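Here you get one chain, nothing else, as structure tokens; it is the form predicted alone.
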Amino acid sequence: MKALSALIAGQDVVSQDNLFQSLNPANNNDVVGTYASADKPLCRDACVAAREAFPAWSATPAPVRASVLQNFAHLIERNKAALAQLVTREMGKPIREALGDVQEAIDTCHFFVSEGRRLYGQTVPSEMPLKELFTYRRPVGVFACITAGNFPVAVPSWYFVPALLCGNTCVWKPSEDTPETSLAFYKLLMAAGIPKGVFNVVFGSGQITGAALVSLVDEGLIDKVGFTGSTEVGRQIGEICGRNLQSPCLELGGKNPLVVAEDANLEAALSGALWAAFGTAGQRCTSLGNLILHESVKSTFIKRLLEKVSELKIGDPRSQEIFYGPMISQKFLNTHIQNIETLVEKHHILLTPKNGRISSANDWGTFSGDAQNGCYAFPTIVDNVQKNDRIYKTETFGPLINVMTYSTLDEAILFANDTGYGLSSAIYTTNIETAYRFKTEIKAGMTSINNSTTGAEAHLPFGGNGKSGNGSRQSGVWVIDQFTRWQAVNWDVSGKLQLAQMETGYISPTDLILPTQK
């Protein structure tokens, strides 16, 4: 059997080696698609195709490049429902969230279309006569990107829309969990008018295709790398790029804190914590990790939180009523179960009565899915977590949160900052000074005040610090700095060599001493 392995210079490439299937996580009997992992020679071919397409694409006027992205936005809009249904089927995100995932790509396109007329440089005054100084943004070159499966439409748009707008050509290794959605993304982009070779795709696992693609940085075939995924893999990519004097875009994991102060609006905080903890089954890089409660509100808050958790509707993600559906795949479910088994210690208190996998023998009261064939997990809340516990500093990426207790704001900020991660954060408080201190002293790249840790808008910078990233940012005008290099141009029309700093005609002051005042 042969299956699609790559899309290079507009051509389908098939292979019979290293086949893998994309399964519907709500029903593993439903095979969404069969693909083959691209090997290193195939990844090399994709990079060569991108490099050959670069001169023509980078020379295309930026407003014309933007018009292609405008077409892309319109095509996504026309296919929004179908694309969202595919996302739900392939990775298990509830249909309401899947529609939001697709909408974020539309918003990203609309934002960057206008940036095609705003890739500004500057005209800079010179210190010499008959001389002009200019700055220009120039595209980086070939951009290779590896994305995760939890946001299979939104996150690729964060990378590729600005990268293409700025004149770069691309090679994409999408998640092996969502190849069918990635193929739809590619087809819509091609229909929008992207020239052959400008955008290429290599399918496969991270171990085979991802590693092969990144290794081509050492061959000089890639000028920029983007990666969304684990901190461990991000470090490896950073090492390869670093020895080639490149700065990658790394959007990594998180252990995101949500602080509930003694003066918080508890109803708002409950809604925010519930969504941050269990939206997308906790499989967002911005999902809640450590719930940090003031000692005066903890008892009340936990009681009401457990009541709300017990009412959560879990099951078939096609239903509008479902709060969360299955894990992305069996692999993620297995890791979630392993985290509960290995990270929960004797002094911890499991507040939720059932934990691990939902099954026909171990069900959930409001469950409405295929427990036998789906990858469903119970919501899990672990109390009495301390700062020295492994679970406090470990990203668990599933419907699992920790509860910590604090007495002073200094203690809360310490708990929020000391995990080593720094992606997203939140605080619920009605005290302006508390909010001001938190937003000033938190180390995370993103902070919400009286809102959830999750939920990014397309025109704000997205990214983290510490183990959550290398300081690069996606979204908004800030991401343009990732996909362009500044060029300084010195244009002398005097007809002779003029030496700055040495022949500059600065004016000397007259030696004037003011008379002494009487």
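Residue indices: 1-based, along the sequence shown. Keep in mind that what you see is a predicted model, and the values were worked out from it rather than measured.
From this point on, the text means the form predicted in complex with ligand UN1, which you will not see here.
- Contact check for Trp158: a heavy atom falls within 4.5 Å of ligand UN1 in the predicted complex.
- Mapping the unseen interface onto this chain, Phe462 counts among the residues with a heavy atom inside 4.5 Å of ligand UN1 in the predicted complex.
- Using a 4.5 angstroms limit between non-hydrogen atoms, Ala276 is distant from ligand UN1 in the predicted complex.
- Ligand UN1 in the predicted complex is approached by Phe151, whose closest heavy atom lies within 4.5 angstroms of it.
- Residue Arg284 is the only one of Arg284, Lys224, His294, Arg89 with a heavy atom lying within 4.5 Å of ligand UN1 in the predicted complex.
- Checked against ligand UN1 in the predicted complex, the candidates Gly33, Pro63, Gly455, Gly471 yield a single residue with a heavy atom inside 4.5 Å, and that residue is Gly455.
- Of the candidate stretches 143 to 151, 338 to 346, 316 to 324, 384 to 392, only 143 to 151 has residues whose heavy atoms lie within 4.5 Å of ligand UN1 in the predicted complex.
- Scanning 94 to 118 for heavy atoms within 4.5 Å of ligand UN1 in the predicted complex gives just one residue, Glu104.
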